[in-house]
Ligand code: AMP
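As a starting point, one isolated chain is supplied in structure tokens, in the form predicted alone.
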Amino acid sequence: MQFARAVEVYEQIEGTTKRLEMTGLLVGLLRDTPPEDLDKVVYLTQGRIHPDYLGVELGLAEKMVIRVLAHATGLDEGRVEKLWKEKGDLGLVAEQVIASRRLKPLESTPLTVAKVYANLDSIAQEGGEGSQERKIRLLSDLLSNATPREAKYIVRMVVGKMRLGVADMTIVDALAATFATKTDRDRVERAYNVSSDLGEVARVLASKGLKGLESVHLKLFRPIRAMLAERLETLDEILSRLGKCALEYKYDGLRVQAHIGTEKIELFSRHLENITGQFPEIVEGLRSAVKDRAAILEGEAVPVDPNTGEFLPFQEVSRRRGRKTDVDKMAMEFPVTLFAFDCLLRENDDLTPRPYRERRKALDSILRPNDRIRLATVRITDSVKEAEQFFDEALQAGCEGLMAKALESTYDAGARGFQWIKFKKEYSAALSDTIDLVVVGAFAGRGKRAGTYGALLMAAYDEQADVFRTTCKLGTGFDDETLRHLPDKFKGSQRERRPPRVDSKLEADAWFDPEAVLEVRGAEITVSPVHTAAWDKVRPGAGLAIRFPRFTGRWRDDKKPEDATSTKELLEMYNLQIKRARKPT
């Protein structure tokens, strides 16, 4: 298939903010795509070459792409870099300079999807001596044959900024509409939740149809999307809903999925990133702690003070993220312990359809705890008094609170529901609970904040509509150093206009792709005629806003924007707040 056909659709998608319209455009593209190109089109549309968990990166920095563009067009590198600083988007720069290039190719061959994918894949796979020059040649080969519009998207793919606003679930919708019916969508989503690979789902649907999805199942070293929890205000409410259930300590750390095989052990974060190299002490601990050599465990990685044995703040874990140096030194200074709470696979037996009580029994039987690998503390009860006592013990141990799990609950990958319920100390107070919000825009600073951003526009995630709806302006809690660097920090995600997945009645001075998640604390949730979170849910023509929001200083790099606090959760918290306010004192 001609790459120009995909680019035509990308241009149309970029021109709309309507999810249904996006889905329809994708359906048209998928129907036009030959089976052998289908997975490639899906990956390219995601701005990827392979699924995230493989950790395959193209490895070309903006400076190197500028060098290639200068070479391909005959322009001075300084001129190309100046255009980049002006536009903030190398894709737009590529489109402009390719359109006006001084060095016209004597002849060019129309690019195909297969050609673009093959070159980008080769760029990603190149390594060793001379690899940078080979990467440059591969990209130059594409750009020399690309039209200006094709160049825009090729460069965006290379630098990891597709800017289409197409979420994974939008592609799930499009695949279901292309190869099945709306009623079959859940089967397509389940295959994605289990495989974490939309390219594979597309391949199977194209070659075997819906029935073929039955062959997509849990595999070692292919992470499954995490099951998520709801929240309730009191332990009484939790036990009334679940009855006799398992209560586990809720640790404040990094959620980790550990895959243990005969030859190797790999660790994945909740958003499918391979983080094995960041936690050598966990890998070593698992070698001696796990008896079986074909298992998938899930747990929370928590930093522990080696001198006192007490838990350390989450920030000590987040300091490891993305580091490639000094990891061993940090592991010595601030060792991390994995508190395992679930077993998803044992000796190639998929345990996710089994009830919680069976999975926990399997976990207990295969794990020999050591300093680095321990079992999450659990208690099974239907007594509110016993639950409250256990909650106090969890807080005293340094935990956030409790997780309550239905004894018969299966592991529903990617799902959020009341089979798992979280309960934290702050829920019993007026919004002293922190929430996680997504940065979608910014407002220019004034006075001493001139030259940087005075406030960020924050949004909650609407799971049903797959959009981000605004809920506050965030301007307090930032130190001077952080404020000064905000424009540079968000430069890579800046957009010329409001991104299609952002719903806002406010007009920001700068718009960003919804990527960064910040932890925020506020005084209360109020009804707002300005913000769009939970619009019309409490009062017609109004949404919900966070009053007196303050940045806690915690960048939630461990969360995808879709993992942030949802509009549904905000609405539930508002209703709980109202209920508490009406209780007699």
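Note that the coordinates shown come from a computational prediction; the quantities given were computed from them, not determined experimentally. Each residue number is its position in the shown sequence, starting from 1.
One more form of this protein should be noted, the form predicted together with adenosine monophosphate, which is absent from this view; the next part is about it.
Colleague: Have a look at 288-296, 172-180, 202-210, 241-249 and name the one stretch with heavy atoms inside 4.5 Å of adenosine monophosphate in the model of the complex.
Modeller: This holds for exactly one stretch, 241-249.
Colleague: I'd like to check something about Trp420: if you look in the model of the complex, is any of its heavy atoms closer than or equal to 4.5 Å to a heavy atom of adenosine monophosphate?
Modeller: Flag for Trp420 set to yes.
Colleague: Might Arg156 be said to contact adenosine monophosphate in the model of the complex, defining contact as any heavy atom within 4.5 Å?
Modeller: Arg156 lies outside the contact set for adenosine monophosphate.
Colleague: Does any part of Lys405 reach within 4.5 Å of adenosine monophosphate in the model of the complex? Heavy atoms only, please.
Modeller: Because a heavy atom of Lys405 falls inside 4.5 Å of adenosine monophosphate in the model of the complex, the answer is yes.
Colleague: Just checking whether Arg149 would be counted as a contact of adenosine monophosphate in the model of the complex - the rule being heavy atoms within 4.5 angstroms.
Modeller: Answer no; every heavy atom of Arg149 is more than 4.5 Å from adenosine monophosphate in the model of the complex.
Colleague: Considering Phe490, Phe341, Phe268, Tyr453, which brings a non-hydrogen atom within 4.5 Å of adenosine monophosphate in the model of the complex?
Modeller: None of the other options qualify; the answer is Phe341.
Colleague: Only one of Glu300, Asp503, Glu189, Asp89 has a non-hydrogen atom within 4.5 angstroms of adenosine monophosphate in the model of the complex; which is it?
Modeller: By the 4.5 Å heavy-atom cutoff, the listed residue in contact is Glu300.
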